[in-house]
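Okay, here we've got a single chain as structure tokens, the form predicted alone, with questions on binding and movement later.
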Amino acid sequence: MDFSQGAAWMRGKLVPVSEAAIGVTDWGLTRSDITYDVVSVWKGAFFRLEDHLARFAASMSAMRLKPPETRGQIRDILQTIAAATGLPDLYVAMVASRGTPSVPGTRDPRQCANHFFAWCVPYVRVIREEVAARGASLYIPTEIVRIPPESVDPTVKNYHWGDFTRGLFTALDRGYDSALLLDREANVTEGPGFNVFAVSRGALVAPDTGVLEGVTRQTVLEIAAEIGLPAEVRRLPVGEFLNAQEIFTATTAGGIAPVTRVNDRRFGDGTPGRRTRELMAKFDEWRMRPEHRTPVSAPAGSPADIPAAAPEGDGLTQAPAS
């Protein structure tokens, strides 16, 4: 089988990503009743794999999803699909879906058999490399606001992208690279697939409302502490954001990407700022630090050796200790 374009683990089998599929009655498809996480493979090793597994566990716990695979089995599955491609840089997704109900027409989520699957493709970037090199442009639509956290918890990674998709159409129609959404109080939240940061009043500021607490976001905050850059996680009003000295995005799919224009506001001289460049260089260094890297290595035995079920209480579907 050809895995050069990606690999997937579906129903206990390793298949090319082009052959991966779920049923049309699966609630993950029909209701977006699903959670996932994405970890990168960079130069032959997973970056912060255990942090992504922990967040995936917390998301499943919050959604009361309990697929049978253990944490160790999921780790082995991710290794299996990554190794199958032979590619050094990958975008790797782990997914838990509500599944198909055993009673047709039921509205009771307890009637569904939860299941896990995973897939990977060659490394992707939310902000394309050539766009990041010059600095991305973002558009903030005033008529579209982020789904409120009371409705959909943004800290649980999800596929509820109705607000983001509307925002993207609005931004792309106007010639911008991507969109950024506000909450109902005009605070900055996040964009489709990325967190955002501002360098404002001498400090690095990360919004704390309506956002996924991204692993790359956490890495940026830890790097800031290492280099002595003051950092704040708080509400970020759009007025302050537009008056910041520098803006950049952060995501597993591309790392740190500079932003040089938001709406009609241009930042600095229209090129990536000094602090952004410093953080980008440090992020590249962190991705190569041994303590953050789990080398890709196919597990011993064949994929069929990974059991389809696991005993209760292994820990993967339990929220990690704080």
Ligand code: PLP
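Throughout, we count residues from 1 along the sequence that is shown. As the structure is a prediction and not an experimental result, all values here were calculated from the model.
Beyond what is shown, the protein has a form predicted together with the named molecule; the following relates to that form.
S.K.: Which of Ser178, Asn114, Thr251, Thr80 has a heavy atom within 4.5 Å of the named molecule in the predicted complex?
M.R.: After the contact test, the surviving option is Thr251.
S.K.: Exactly one residue in Gly193, Gly99, Pro207, Gly167 has a non-hydrogen atom within 4.5 Å of the named molecule in the predicted complex; which is it?
M.R.: Going through each option in turn, the one that passes is Gly193.
S.K.: Any chance Ile34, Met63 and Lys66 all have a heavy atom within 4.5 Å of the named molecule in the predicted complex?
M.R.: Checking in the predicted complex: none of Ile34, Met63 and Lys66 is within 4.5 Å of the named molecule.
S.K.: Closest heavy atom of His52 to the named molecule in the predicted complex, within 4.5 Å or not?
M.R.: Yes, His52 sits close enough to the named molecule in the predicted complex that at least one of its heavy atoms falls within 4.5 Å.
S.K.: Quick check on Tyr159: any heavy atom within 4.5 Å of the named molecule in the predicted complex?
M.R.: It does not: once the named molecule is placed as it appears in the predicted complex, Tyr159 has no heavy atom within 4.5 Å of it.
S.K.: With a cut-off of 4.5 Å between heavy atoms, is Thr85 one of the residues that contacts the named molecule in the predicted complex?
M.R.: Outside the cut-off, so no.
S.K.: Would you check, heavy atoms only and a 4.5 Å threshold, whether Gly135 touches the named molecule in the predicted complex?
M.R.: Contact with the named molecule, no.
S.K.: The named molecule isn't shown here, but in the predicted complex, which of 214-222, 70-78, 239-247, 136-144 has heavy atoms within 4.5 Å of it?
M.R.: The contacting stretch here is 214-222.
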